Structures are given as C-alpha cells and as structure tokens.
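Single chain ahead, written as structure tokens, the form predicted alone.
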Amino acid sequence: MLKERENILYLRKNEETVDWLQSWKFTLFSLLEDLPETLRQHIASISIDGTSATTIIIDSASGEPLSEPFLYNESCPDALPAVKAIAPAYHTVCSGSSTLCKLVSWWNSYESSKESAVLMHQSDWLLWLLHGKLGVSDYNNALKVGYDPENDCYPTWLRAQPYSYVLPLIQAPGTSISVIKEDIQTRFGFSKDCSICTGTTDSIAAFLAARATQPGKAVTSLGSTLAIKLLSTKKVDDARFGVYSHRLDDQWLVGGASNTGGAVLRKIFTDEQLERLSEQINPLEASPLDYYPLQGVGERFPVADPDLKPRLDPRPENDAEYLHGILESIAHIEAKGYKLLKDLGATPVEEVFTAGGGSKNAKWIRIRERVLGLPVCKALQTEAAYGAALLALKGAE
C-alpha cells in the first residue's frame, strides 16, 4: 500500500521535482491515520518493506539527509570501477545501481564533513521515524551494500574501506528494534509496548506473503517494477546479469529485479483503460510486437545495462493491440529471467505465484503462462504488505 500511494504522488508530480523523503513520510503517516482508532491500541508490532537499493545518507547528529535519496533504479557508473576494484568478481555490488555504488559515489562527491554520516535504506528510514534509533537495517536490504548473509557479517574487503563506519548495524528481518517512540505512540494512539521490527525488501515481502515453501516455487512481483524470486537449494550470485541470492532459513531466494513493470503501463494508460483494453485481448494469441518497456534509460536484470534504452515503438493505432504487445514483452523479460537463473545453477522453476498490482489482471496471467510454459497463478496473498506483517508477527513473538 505504501508503494501504491508513492506511485500516486509521483504521477501527480509528473515531471516536477519530487521531495521523496517527505512523500514517503506523508504516505506512512497517512496509512497510520487510516487505521481504525479502536484497533491501534491492539497492534503489537510494525514492520515495513521498501524498494531494494533505494539509498539514503543521513547525518546521525541531526537526522537530516546529506543528499537526495538514490532511488532503486538510479545507476552510479562513476563509482563502478572503484567498487569492482575491491569486491570479488561478479559480486552483487558490481552493478552501477547497487547500494555500494551509490554510497561510493556519494562519498567521492560530498565535500562537507562525513564523520556523522550513516547509510539507510527506504524501509530503514521509515522505521526510524517510528522507533528513533538511527543506523539499523536488515540483511535483505543490506545485500546490495555488500553484506554477507551466508556468514552473517560485512566481509573483510568492505570493512577495510574508509567509509565502512557509515554502514548500518544489521539484524535479521523481523527482529524487534525498540518500542514505538512516545510522540508517535501518543499521536496515533498505539500501545506504548508496540514493537518496531526490522523490515525487508518489497520483493522478499511479496515472496513471504505468497507462502511458497518448496524449492522450484517462485514468486513474480508485478508492481511498479518486475521482480522475481525463486526458492533454490543453491546460492547464485552474478552481477553481470543482476542476479543475487537472499538467505531464507537454510535455503536461498535467488532472483533479480527488472526496471520494466507497472510504472511503464501507468505512464501510458489509466487504470480504467488498462481494465477495459485488457478485456479485448486474447491471451492465447501471441502478439507480433516486440518491445522492451522501461521508464527511462537503464536496466538491472536479466541484463545489467545502464545504457539500455526503452523500446516502445512502433505503436499500432489499436490501443488494445499496443497493450497486448507491452504485456507480452514484459512476460518475455520475465521468462528470460527464469531461464537465466536455471542456466546459472539455481533450482529450475516449476510453478510461479504472482503478487503485486499486476496479479489483478487475469489476461496478463494467461499471457505469462503461455510465454513461460509453466503453471502461473495469483497468490492467495498478493500484497508485499502482508509479508511485512508476517515479519512484524515474528518480531512480536
């Protein structure tokens, strides 16, 4: 729900400059206000999921940002050579859009004092508004800054860097950080014992919500972007293709996130148009149109190419045909992603659950089932927020 409102704010601003931190804070507090007052006092814990690699540098002394946030799809190619020089070959951080590249880019360009700086991710910052302890994150969000989830620590090559003190303290997702701040508790009427817990990324939260528990089961999250997560017995990491693995108990969530997805559709069609035009599509027929739908220049997965340009032409006169071509092209990107994971050694995908806003489009699900050649179904719980709630439940327990 946080992401839905964030998208609305973005669309209203259109090409104007967006104050992302204020829009996220406004959205969070709006959601808290939406909770029925009679339920607030009974909420035992809160957790939040956020977009992976959305990076914020904060002054720990004042709590003020030291730069504009680096959004998840921003690339910092200026920092890539320095990161590749210290990290193992093909490591997750060896991509221009990684959190570490964003940190290094900021470090090299920021000319004022850095001694009180601390790195936070989107969900970390939002949770900080509720608990007040700067510099706490989780090992899912921290993967792209270089955290080693297998050994549960920052690696030696990262700790040796001059900016290592900026890195946050890492805890497992769903770990209680602190009780809710007194001013937030008083303002919204929560219990003083309400616990604020570490969060996770949006795609992992969507996976948790879908309750896919066996190797070979996968979740495609169709939100503003397209993210795939496959439960595998083998850990796979390869920055050449934007592939990385998150720890999930004794197994691994292997996947990647593309810059294609629903945000591209929303720039072209309204919700009403998407619903009406989808009804005119025959999902059993392949579209002859071949696109690569992106919001702007740059792709993360299944190819890591900061210079890849969107391809949304030619546009046919019939809008339903155009939408069909875009939906099918996104499905082909998804299929390439799952094939790549198999080629790199992950457990082959057997079934795909769908989460996010795109799961509401039944025609798109049928298109994807045909393109993937696999069973595709809507997850019983399709919102990443449900997965974040499961983490909050874990923290409460």
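Because the structure is a prediction, the values reported are computed rather than measured. Heads up: residue numbers just count along the shown sequence, starting at 1.
Beyond what is shown, the protein has a form predicted in complex with ligand ADP; the following relates to that form.
Of the listed positions (L158, A263, L129, V303), a single one reaches within 4.5 angstroms of ligand ADP by any non-hydrogen atom in the model of the complex, namely A263. Site annotation in the model of the complex: the residue of R370, R40, H332, K360 reaching within 4.5 Å of ligand ADP with a heavy atom is K360.
In the model of the complex, ligand ADP sits beyond 4.5 Å of every heavy atom of G146.
Within 4.5 Å of some heavy atom of ligand ADP in the model of the complex lies at least one heavy atom of G223. Of the heavy atoms in G337, none are within 4.5 Å of ligand ADP in the model of the complex. In the model of the complex, ligand ADP sits within 4.5 Å of a heavy atom belonging to L274. Checking 63 to 71, 23 to 31, 337 to 345, 351 to 359 against ligand ADP in the model of the complex, the stretch whose residues place heavy atoms within 4.5 Å of it is 351 to 359. Heavy atoms closer than or equal to 4.5 Å to ligand ADP in the model of the complex belong, across 363 to 392, to one residue only: W364.
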